[in-house]
Structures are given as structure tokens and as C-alpha cells.
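Only one chain is shown below, in C-alpha cells, and it's the form predicted alone.
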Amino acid sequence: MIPGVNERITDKYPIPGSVSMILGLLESAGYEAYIVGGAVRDLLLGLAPHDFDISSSSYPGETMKVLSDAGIRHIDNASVHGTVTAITDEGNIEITSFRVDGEYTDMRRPDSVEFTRSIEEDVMRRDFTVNALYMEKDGTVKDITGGTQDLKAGILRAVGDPEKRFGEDALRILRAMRFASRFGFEIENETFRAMERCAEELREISAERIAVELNGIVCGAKASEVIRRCWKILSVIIPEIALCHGFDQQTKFHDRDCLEHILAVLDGIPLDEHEGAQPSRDPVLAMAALLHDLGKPECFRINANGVAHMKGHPEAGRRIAERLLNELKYPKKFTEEVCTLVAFHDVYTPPEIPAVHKVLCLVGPDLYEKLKVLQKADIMAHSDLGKKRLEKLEYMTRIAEELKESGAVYAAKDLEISGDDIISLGCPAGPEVGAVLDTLFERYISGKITNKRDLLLKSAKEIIS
């Protein structure tokens, strides 16, 4: 049960000593100081905060003097916005002066801020009521926006005028979706309508900031519910979402539209449990689930017999995923892994060792572990007829395990023979060496030879001669 206002909430996860010390120093100097934001929300939810931020009635120069007098190292980072960072043995702690924001012409940061001695004025500029709570150093919660009641009701509500909040920083639209996905909040109707009205302003937000929020959305336990409600908003970032919404796949293997199938696959990606944190999904798997079938609408065809098909949709989806993730400046490794999963999500081989071995070589043994999770989620989101593929996945998984246990290798460089060995057999140095190794590797994965040095050397002689 969520505690109410003026109840102490720090029994399970105590306030770090360095945070309590700084709060005490500021109060002893005659200033008000509180823990603010996400830490208070998480403590009320019984979760371990990632960090503790402090807000104080002291202005930046006054904050730095308090820290200096106590011998605490600090950084005056962007003090024009009121933030000073204290450096402690327990980590860095941001201390921000109470403030009132000016206009947000760049939809990210206020053009100017006016410092205030009033915590109430400071709180009213925050994004959502559940993030507008503040707490004294003894763990007592203060609330002037109704955030505790909204937490108890599981509601996400903007502070004040929601359209103004999203107009200040459109990224708050995605933050609302992330909070709803992570915590299971229901977005309050007026807040949601303002999100839809302001959604086009997301085009002005930097790619990196969008990527962080998108990851949080797809990894949350309630991701499918949030995307189902907010699909129009998400389509500003991923236009193909709108094409998939309501798209009838017209095949006997599917019993829901394309977007509903995608969301069912996302639901099928398992959640990892962590002590003191909300359950979450693997980011690569979650993103691959969201993107895996986005290529279907463009590939949809009806053949001469009146049968619908979407041949080539995995490759079309891979291109869409590559474009999107590059636009959002995701790390190269993340992009490559997601695109590989999308490209291979519909690949099922005959029940033969060479065929499965080849897929493992193309995907990589580590990523294959994720591929089989995605494929199972995909199969289970089909109609009963489509679920018959589960048997194919099971034999592929069984063969993959047998290969792993046998010590199989998945690249030519891991064979028990090297380029120098090939040259010693009389092959000219250069591209021909690589060609011989590639041929040996093809023979190996086809089962014609084993990865034994003497057999590989013998086979290499035959190739060279």
C-alpha cells in the first residue's frame, strides 16, 4: 500500500548518508532542502531509486558556499539553470535551486530561469504529479499536486495545463508513455488528449533523446497496452506503425491485424525480474519484436488464386529497422543485432544439422539464443494453424544445442587450420587463401569433413591442387 502525505517512506530503502548530510548542511545554513522527483516516486512504490536529487531554496552561489565551507568538492555545471553537483564517496548528487522556468523555444531547456525561495513554485513547473513530490531528510513526503493520490490510483497526470507542459518539452509525451509502460500507470484522459495534439512536436526533439525513451517504452511490462492506446503518437516516430494498425493480413495463419500481432509478440518477450526494480525486457529483443513485421504492408500481395501473402517482409522489415535505428543514432552493435533478428525471424530450416548450422553461422550462436525467443513469441501470436511451426522451432533448438555440446565452430577463423597453413601447402598469399578457407568451412558445415587439423590439411591440398 502506498503511504500518504507526511508518512515516512524510507524504512526499506534508506536515504544515503551523503544525501542526508547535504540536506542537513543546507538546512543548518538556513535554507529549505528536499529530495525531489523520481526518487520520491520510487520510494513510494517500494522500489530502489537510481539516484537522489536535491532541490533547495539556496541559489547556486549559496549552495557552492555551503559545500565549500564543509569541504565538499563540487562542480558548477550549468549554474544558469540552478544546478550544482556535489562529489561524494557515494556518487555525485545534483542540487538544483528552486526555480521558475522561462519560455522553452527549443522544446528542451528553458531560455531562462528565475530562482525562487518557494518550493511550491518550483514544484508547479514539473512534468507529472507523480514526479512532483518532495521529501524531507527524515523521509516525510510532501505533496501539493495530488501525486500521492495519483500513485495510489495508478494514474499519470500532467501538472497544471498538460498542453503547456508538452509544449515546453515534447519529449514529455514519450516520457509519459515510458512511465505508463514501466509502472502500469493509466494516462489520464486530458493528459492523453494533449499528448495526441502535441505529438507532431516530437519531430523537433533530438534523435538521441527519443531513442532513450523508446527503449524504455518497449522494455516496460505494459508496453503493448501503451502502444495500443498511443499508436498515433508513436507513428510520428515510426510511420509504419500507422500502416500496421488495422491492417488485415488475410491469411489463415493469423487471427488478428498486423499491429495486434506485433503487440502480442512483444508481450511474448519474457520479463526479467530485478530486486527493487520493475520487471523489464531485454532491449534488443523488445525492439526486434516491435519492428519485426513492419514490412508486411508494403509486401502484401494477392496471387492469381486469391491467396494473400507477404513474401519478403523480413527483409523489408530489416530495411525499415536499419533506417529507423540509424536515424535515432542507436549504437552500431544494437542496430546490427536488432536488424539480424528481424531478418531471420521467419527462417525455419529442414530438420538437418547442416541447415541449422548454417543459420547459426549467419546469426551467431549468442544472438541465436535471442532469435529462438523471438521466434517462439512470434509463433504463439499466430492462429492455431500458425502455431504448428512450434515443432520446427523445437527441432532447430534441439539441433543447435547438439552442435553447441559437440564443440562446433561458426566461422572459418575458428577452424583448426590457419592461413599460414594454407600458404605452406603452396597456395599463393592473398585472396586465394581466404577462398580456400571459405571452401573448407563450407565443407565443414555441410558435414563433409570434421574440424580436425589432419583432415582439414588433406582437404585443403585437394582444393589447391
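All values reported here derive from a predicted model rather than from experimental measurement. One rule holds for the numbers: they count along the sequence shown, beginning at 1.
Although not depicted, the form predicted in complex with ligand ATP is the subject of the following passage.
Kindly confirm or deny that 186, 267 and 270 each have some heavy atom within 4.5 angstroms of ligand ATP in the model of the complex.
Not a single residue of the candidate spot has a heavy atom within 4.5 Å of ligand ATP in the model of the complex.
Any idea which of 221 to 229, 242 to 250, 176 to 184, 288 to 296 reaches within 4.5 Å of ligand ATP in the model of the complex, heavy atoms considered?
Stretch 176 to 184 is the one.
Residue-level contact is defined here as any heavy atom of the residue lying within 4.5 Å of ligand ATP in the model of the complex; does residue 358 satisfy this criterion?
Judged by the heavy-atom cut-off of 4.5 Å, residue 358 is well away from ligand ATP in the model of the complex.
Residue 38, heavy atom within 4.5 angstroms of ligand ATP in the model of the complex
Contact with ligand ATP, yes.
Taking ligand ATP as it sits in the model of the complex, is residue 125 near enough to touch it, meaning that at least one heavy atom pair lies within 4.5 angstroms?
Yes.
For residue 169, is any heavy atom within 4.5 Å of ligand ATP in the model of the complex, or not?
Although ligand ATP is absent here, residue 169 would touch it in the model of the complex, with heavy atoms inside 4.5 Å.
Listed residue (62, 42, 421, 27) with a non-hydrogen atom within 4.5 angstroms of ligand ATP in the model of the complex:
The residue from 62, 42, 421, 27 that makes the contact is 42.
Interface residue in the model of the complex among 335, 83, 131, 280, criterion: non-hydrogen atom within 4.5 angstroms of ligand ATP
That would be 131.
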